[in-house]
Ligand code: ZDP
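Here's a solo chain for you in C-alpha cells, the form predicted on its own.
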Amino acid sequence: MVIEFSKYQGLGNDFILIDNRHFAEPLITPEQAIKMCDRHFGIGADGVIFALPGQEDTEYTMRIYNSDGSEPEMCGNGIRCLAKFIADLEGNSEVNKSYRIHTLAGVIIPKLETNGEVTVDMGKPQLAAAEIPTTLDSVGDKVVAQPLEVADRTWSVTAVSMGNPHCITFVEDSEAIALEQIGPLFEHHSAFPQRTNTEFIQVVKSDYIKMRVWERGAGITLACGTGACASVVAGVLNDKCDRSCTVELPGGCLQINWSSADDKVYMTGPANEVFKGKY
C-alpha cells in the first residue's frame, strides 16, 4: 500500500503526518512506523502522527507512534505540527483558528497565530505521584526535589505529567550531560512504571532556561514541547523560574506560560512543513 504523507518539524522535532480522517484506526502498524522513521532506510522522523476523525465533542483525534514503535499519550511539538497539517488539509488560511483535538492525554486545543506560530492550551499539569505515574516519594501531593539514584549519583528530581510522564532535574551546565549514556537509565528507571521523558535544565535567569531532553521512545531530540511545559512547572515548584518563561532547546525557543488564572499551561512555538511524498 502506498501512503501519502507530509513531513513537518517544530524546532527540529520532526514528524511524518498522515491523513487518516476516513479511518478510525491508524493506516499503518507500529512496525511500519519504525521503518518509516529510520533516517537511513526510511523517510526519517522522531514519530508518525495520524489525523483521525474526532471523538465526542472534538473535531479530530491525534494518534502518534514514536520512532521505536511505542505510542505516547501526547506530543507538544507534534500537536503544533498536526494543527498546521489539518489547516493545510482543509485549505484553511484563517488566523486565530483553533481546533479541539482528542488525544490519549485528553482534549488539547491548538490555535493558529497571526505570525504563523501555534499556541497550544496544554491543560493543567498533573502533579500527584499516582497521576504521573511514579513511585518516588511526594511532599504533600507533589513530587518535588526528591532524590533519585542513577548511574552511581544522587539526582534531585521533580516529576510532572503533561498527559505523559516527565522527570526534571536542574543542572549547572546542560551541555555537560552525556545524554546518550544517562538518558536511557532515567527512561527505564524502576521509579517510573510507564518509563519517562527526562529534562536536564540550566536556569539562565528566572524567565529564561536552557533544556536538553531524552524523550521516552525517541531518545535525543532537538525539542520536546511537553517537556518544556513540564520544566517550567518544575521550575516554579522549585522557586527557580517565573510562570512565564522562554525555554531554549537545541532546535530553538518555546514560550511557556503556566497561567495563575486557570492553572493551565500554554505553549507557543513554530511548526513548518518540510516536504510531501509517497512511501
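Note that this is a predicted model, so its numbers are computed, not measured. Numbers follow the displayed sequence, beginning with 1.
From this point on, the text means the form predicted together with the ligand, which you will not see here.
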Students should find that, of Asn164, Ser174, Thr134, Thr103, the residue having a non-hydrogen atom no more than 4.5 angstroms from the ligand in the predicted bound form is Asn164
Although the ligand is absent from this view, report whether Arg216 comes within 4.5 Å of it in the predicted bound form, heavy atoms only.
yes
Just checking whether Ser231 would be counted as a contact of the ligand in the predicted bound form - the rule being heavy atoms within 4.5 angstroms.
no
Residue-level contact is defined here as any heavy atom of the residue lying within 4.5 Å of the ligand in the predicted bound form; does Val247 satisfy this criterion?
no
Val48 versus the ligand, in the predicted bound form: is there a non-hydrogen atom within 4.5 Å?
no
Tell me, please, which stretch of 149-157, 202-210, 73-81, 90-98 lies within 4.5 angstroms of the ligand in the predicted bound form when heavy atoms are compared?
73-81
Restricting to 12-27, the residues within 4.5 Å of the ligand in the predicted bound form through any heavy atom are Asn13, Phe15
